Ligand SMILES: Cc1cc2nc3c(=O)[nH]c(=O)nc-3n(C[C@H](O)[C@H](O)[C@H](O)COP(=O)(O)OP(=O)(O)OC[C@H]3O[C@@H](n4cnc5c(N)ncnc54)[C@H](O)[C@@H]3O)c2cc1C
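Quick setup: one chain, the form predicted alone, written in C-alpha cells, and binding and motion questions come after.
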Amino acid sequence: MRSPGVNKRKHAIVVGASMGGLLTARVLSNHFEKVTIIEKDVVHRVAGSRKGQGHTSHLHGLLPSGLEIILKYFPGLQQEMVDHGASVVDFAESMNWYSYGGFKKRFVIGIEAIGITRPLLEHLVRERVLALPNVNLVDNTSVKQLITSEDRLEVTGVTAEGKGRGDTSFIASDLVVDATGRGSRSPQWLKEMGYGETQASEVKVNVGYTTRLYKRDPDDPLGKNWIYCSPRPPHEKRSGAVFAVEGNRWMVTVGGWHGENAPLDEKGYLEFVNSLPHKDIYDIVSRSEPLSELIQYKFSSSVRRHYERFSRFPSGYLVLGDAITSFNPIYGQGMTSAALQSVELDKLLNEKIAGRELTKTYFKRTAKIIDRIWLMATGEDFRFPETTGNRPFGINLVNKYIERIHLASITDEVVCAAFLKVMGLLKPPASLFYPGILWRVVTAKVKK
C-alpha cells in the first residue's frame, strides 16, 4: 500500500460506517489529507450491532475474494481475527455442502475462508480504520442534503445534523461517497438537484430466514467446517447454513425463498430445520445448547440502481456498496461486492483521474463488477418460477447447465474447484464455460 502523505487531495467524506464505508475510508486515506466518516447511529467501539443494522445478527459469508482484499489493506488482520476466536480453514476441505442429492466433493483447494460473525469483523476493521491518523468518525449524525456548486454540476460537501442536538453543520469536501446501504437517499438527492429519476432493476425473491447461536464443543468431529444445505429448485425452496464462529459457537441460519420462512416458535423452528433436504443441520441444533433467541430477517427483493446510465452526473459524488446494489443476502456477496468496488476506486485515484471523468469512469467500471454478481445471484433466484423481474434472455438454458455443474461437483474435483472459484468471486462466470470444464460437466455421470 502507498504510504500516507503522497499526492494528497484535501478532504473526502464517507457517509455510512458499515463495511462498505470503512473499506472506502481506508482506500481514501491513501489519497486525501483528511477523511471524515459520518454515521447516523451511535458507534460503540466494541463488537456489536448498531440500531440501523438489522441484518448483522445473521450469518454473513465473507467470500474468498473479499477476504483477500481486506487482508491486503489491513496486514496482520487475519491473525488478529484468529486471536479473537475466528477460524481460518481451507475453503473446499472444510466444506459440507449438500445439494442436488449429494455432498460436493471435498479436497484441498488452497483458498482460505474464515468463520467470524459480522459484528466482530466490522469491529476489527473499524478499529484499524479509525487508527489511521487522517481518518475521523462523526457518529450519531445524519446527512440531510448535499451541498453543490451554484450550477449544481459539482457536489462540494454535505449538510449534517447531530441527532437529538439540533445542531446543523456544513462540511466542505472534495469528494463525497454514499455508502449508506439499501436505504440510500442518493436517488432522491439527485432528483432534487435536477438530474432526474434513477433507473433501477428489481428482482422479487421474498426471502426470509431465522438465525440462532449454539454452543459448540471444540472437540466436535465437525470441527471448524462450514455446512450448507441448498435446495434443488423449483420444488425445494428451503436452505440452511452453519458456520463455526468465535467463542466456540455455531451460527445457524435457516430459511428459504418465496415465503418459506422458519418460524420463531421452538416447535415450528425445529420442524422447519428437520425438513431440510439433509439432516446435518438438524443434528446440530437438536443436540446443542442454544445461546440466543431466534431472530428472523426478511428480504423482499434485490435492487440495482443504474448510476452508470445517467447522461450527466455531478462531479465530486460517488455511490458504493449496497447503496448501488442490494443483493439477495443468502448468497453472501454484499461485503465482497463493496470491497471490489473500493479497489476499483483506489485504482482510479492512483491513475489521477478526477472530476467528471472520475465519476463517469467509476460507475462504468463498477457496473462491470456488479454485472457478473447480479447475473449470478438473480440467475439462481430465477430458478424459482415465483421470482419476478426482468429475466435475462437464455437464463433457463444457462440454469440447466449450472444444475449439471452442481451435479458434477459431487464427484468431480476439477468441476467443483471451478465452481467454488466463481462462487467466491475469484473467477468470472465465463470460466465455467471453458472447453475443459464444459466437457467434464456434460460427460459427468450424475445422479438424476
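Please read all numbers here as calculations on a predicted model, not as lab measurements. Residue indices: 1-based, along the sequence shown.
Just so you know, the form predicted in complex with this ligand exists too; it's not on screen, but the next bit is about it.
- Taking the partner from the other structure, this ligand in the predicted bound form has a heavy atom within 4.5 Å of a heavy atom of Gly334.
- Interface residue remark: Ala17 is counted as part of the site for this ligand in the predicted bound form, having a heavy atom within 4.5 Å.
- A residue is said to contact a partner when one of its heavy atoms sits within 4.5 Å of a partner heavy atom; Ile38 meets this definition for this ligand in the predicted bound form.
- By the criterion of a heavy atom within 4.5 Å, Arg372 is excluded from the residues contacting this ligand in the predicted bound form.
- Comment: 40 to 48 is the region of 375 to 383, 40 to 48, 405 to 413, 389 to 397 lying near this ligand in the predicted bound form, near meaning a non-hydrogen atom within 4.5 Å.
- In summary, among the residues His123, Arg365, Arg185, Arg106, the only one with a non-hydrogen atom within 4.5 Å of this ligand in the predicted bound form is Arg185.
- Note on contacts: among Leu28, Ala418, Ile69, Leu59, the single residue with a heavy atom within 4.5 Å of this ligand in the predicted bound form is Leu59.
- Within 4.5 Å of this ligand in the predicted bound form, a heavy atom is found for all three of Thr141, Ala179 and Tyr209.
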